[in-house]
Every structure is written in C-alpha cells, then in structure tokens.
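Single chain ahead, by itself, as structure tokens, in the form predicted on its own.
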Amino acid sequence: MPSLKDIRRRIGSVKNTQKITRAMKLVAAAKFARANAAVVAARPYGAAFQAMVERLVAAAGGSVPSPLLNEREEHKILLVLLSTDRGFCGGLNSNLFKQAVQFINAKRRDGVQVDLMPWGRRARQFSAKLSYEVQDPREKVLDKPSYGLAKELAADLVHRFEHEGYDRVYLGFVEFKSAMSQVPKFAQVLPVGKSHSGRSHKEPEIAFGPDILVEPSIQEVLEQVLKREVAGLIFRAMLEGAASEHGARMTAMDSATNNANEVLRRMKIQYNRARQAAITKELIEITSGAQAL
C-alpha cells in the first residue's frame, strides 16, 4: 500500500492537473462562443451564394468554357486535409484521419493517384507516417480563420487544378454539428458543379426569376464568381473546423475535469483508509507495550 506521503503527493498532482483542465475548458468555451456565432452567420450566405452559382452555371449552359467547370474522368486527384494544430480535443482529428484513409484507399482501388495536402500540424504529422505524396503542408490554418487566407489558399488550389493535371480537388474537414458532435466530411472543391454544393436539406432553396441579366457579360462574371465560390467553401470549412475544435476541446476538458473529481474521491478514500490503518497500528503498538510492562 502506498504511504500517506505518496498519496498526498498524488492528490496534489491531480488537483494541479484539474486546475489546468478547468482553465482550458473556460478558454475553449470563450473561443467556442465566437466560433459558433461565425459558423451560424456564414451558413445562410454560403447557401445563397452556392444557389446563385448553380443558377448562373445553368443559365450559361455550355457557352462558358471555364476550366473550373471542366468535368473529366478521375486519374489524379488532390486531397486537402484540414486539421487542428493542437491536441486535447478528443477524437476530432483521429476520426477525420480514419475517414481520410478509407477515402484514399477507395480511390486507389479505382486506380486513381492521390496526392495529399495537409493543412494543420496534426494533418502534417499524420501525413509523415504514411507513404502518400505530400504537397505544400501548412500550419495554423484554423488559428484565426479569415477570408483573406481562404482566398489565398483557393488561388493556390485553382492554380494546381489548372496547371498540375489534377482531375479533382477534394477538401476533408470536420463539419460542426454541436459541441458534442462533429462529423468528418469530404467535399469536392474543383471542378465547381452541383456535386460541389454542400447545402443542407434543411436550408431553404433560393428562388430566381426565369431570366438573369448579367453585366458586363456572363462569361466574365461567372469566372470570378467561381473563384469566389471556391474561396467561400474553404472559408466555411475553416469556420466549421475552428468551431469543431473549440467545441471538442471544451467537451474533452470538461470530461477530464469530472474524471479528476472521481480520481480525487477514490484517492481520498484510499488516504483515509491508510491513515486509519496507521492509527490502528500505532494503537496496537502502544497497547502491546503497556501489556508488556
């Protein structure tokens, strides 16, 4: 049985750890509130913009030879994997990576070459353990999501799609449902099309009139709108990932704090039993000594 001194030291260590987990929970809760508000505000705009893009593409028909709309058979694809930089967020990253492995293996079974682009330190570490071809890893993508960064990343993906022979570009990220639920999702970023739309069935359809008047021309407008749609998808994925990270970390730290309470309860019982055993032993020694006299 451990000594009283050892038990007291362990109790102190658990209490210190509990203070850290409680502080991390409070920090994550504050960040989660902001991230959740950003996700909720971005979703209606994203749904409306996607509907507008689909309507413009339908109105243009085949008259716009944009490479961003060029559907072709898959031979080589790029998978962008968006993860967190830090841990302490439960199975958020591991669930995404499990789905990514299944996604990649399914594509490879169909004879498709898969290149991986990790965004986030955890995704970079995951990629280093595998034999996949890795392109331009980045970190701190979810640190402070901004549309400026999303636009920069989108321009890079568009350039690779147009000039490096990729038939598809996919984005793997974690979709935010609630603080308790985050779901890995893989969306087609390029080429832009109906399969690219990630609108939920709960979100309303956007009504348009039968005709659209576009100035200066639908060709010029659509080319820029398609690039903005790619940037918008990446930005929304960044917001979803940030909200998922803070929600998962808040939940994980809450569980850790509650587990520390249970550990402390058991250790205090153990301490009291050891203390009672020590007192009983001392009484027996005193009684035995008195009887010997």
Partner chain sequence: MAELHVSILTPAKVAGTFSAEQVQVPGIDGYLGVLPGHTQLISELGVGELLVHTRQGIESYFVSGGYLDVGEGNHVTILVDIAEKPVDIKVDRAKDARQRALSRLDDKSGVDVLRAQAALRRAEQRLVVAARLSK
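Numbering follows the first chain given and starts at 1. As the structure is a computational prediction, the values presented were derived from the model and not from experiment.
The same protein also exists as the form predicted in complex with the partner chain; that form is not shown, yet it is the one meant from here on.
This chain is displayed alone, yet in the model of the complex one of Leu69, Val27, Leu56, Ala256 has a heavy atom within 4.5 Å of the partner chain; that residue is Leu56.
A heavy atom within 4.5 Å of the partner chain in the model of the complex is found for one listed residue only; from Ala179, Val183, Val214, Val112, this is Val214. Interface membership of Leu264, defined by any non-hydrogen atom within 4.5 Å of the partner chain in the model of the complex, is ruled out.
Taking the partner from elsewhere, Ala42 is found to have a heavy atom lying within 4.5 Å of the partner chain in the model of the complex. The partner chain is not drawn, but in the model of the complex it has no heavy atom within 4.5 Å of Arg160. Within this chain, Lys151 lines the site of the partner chain in the model of the complex, having a heavy atom no more than 4.5 Å away. Proximity to the partner chain in the model of the complex, taken as heavy atoms within 4.5 Å, picks out 48 to 56 from the listed stretches 28 to 36, 241 to 249, 48 to 56, 256 to 264.
If you take 5 to 25 and check each residue for a heavy atom within 4.5 Å of the partner chain in the model of the complex, you get nothing at all.
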